[in-house]
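This document starts with one chain, in the form predicted on its own, laid out as structure tokens.
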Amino acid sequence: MKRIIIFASGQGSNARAILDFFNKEGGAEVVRIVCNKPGAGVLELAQQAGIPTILCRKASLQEPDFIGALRSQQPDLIVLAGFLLQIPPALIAAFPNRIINIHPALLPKWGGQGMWGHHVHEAVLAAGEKLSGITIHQVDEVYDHGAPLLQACCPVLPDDDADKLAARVLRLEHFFLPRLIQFLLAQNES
């Protein structure tokens, strides 16, 4: 059974999509959920699913004890699913090529510090883009910069506001993220 650790900062809808997918498909389990915001919805989701959590601060992401706690779980993959803190080099080095992130836009546009949630969708709309979508990428030391693994598009419609576009992009996230995780875990077997 492959082992996944999810990092999330918000409600946890992508974490829920991952849990639901692997509960149905099998082959992997979420062994920890890491969160940096007390009271975030993802913590309640973890409690309901019986998944242990780690509540962290920004500084703790590079501390040897935190990295050791993650290593003890022997994760095959760490998935940033709406996690708003930058991953420090020490954590990236501890899990080389095993940390991925999902971003709610087509990178390299609309990425970087401050480009999350509605900020991204508002920027896409303000620019008059005809397409938006998601990017799932490897994590490196720069926000939203690592090698892209998958992009999926959706149209930006004439009557879209940030909420409407966000809902359309979120459907892409929930569909593609679990399936890409499944694919990456299978690649590690060969």
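All residue numbers are counted from 1 along the displayed sequence. Not measured: the values here are computed from a predicted model.
There is also a form predicted in complex with glycinamide ribonucleotide; it is not shown, and the following applies to it.
Q: In the model of the complex, does each of K2, F22 and L77 have a heavy atom within 4.5 Å of glycinamide ribonucleotide?
A: No.
Q: Report whether the minimum heavy atom distance between F95 and glycinamide ribonucleotide in the model of the complex is within 4.5 Å.
A: No, F95 is distant from the partner.
Q: Using a 4.5 angstroms cut-off on non-hydrogen atoms, would Y143 count as touching glycinamide ribonucleotide in the model of the complex?
A: Taking the distances in the model of the complex, the answer for Y143 is yes, it comes within 4.5 Å of glycinamide ribonucleotide.
Q: Look up in the model of the complex whether I100 has a non-hydrogen atom within 4.5 angstroms of glycinamide ribonucleotide, and give yes or no.
A: No, I100 stays farther than 4.5 Å from glycinamide ribonucleotide in the model of the complex.
Q: Would you check, heavy atoms only and a 4.5 Å threshold, whether S13 touches glycinamide ribonucleotide in the model of the complex?
A: Judged by the heavy-atom cut-off of 4.5 Å, S13 is in contact with glycinamide ribonucleotide in the model of the complex.
Q: If you look in the model of the complex, which residues in 104-119 sit within 4.5 Å of glycinamide ribonucleotide (heavy atoms)?
A: Residues within 4.5 Å: P104, M115, W116, G117.
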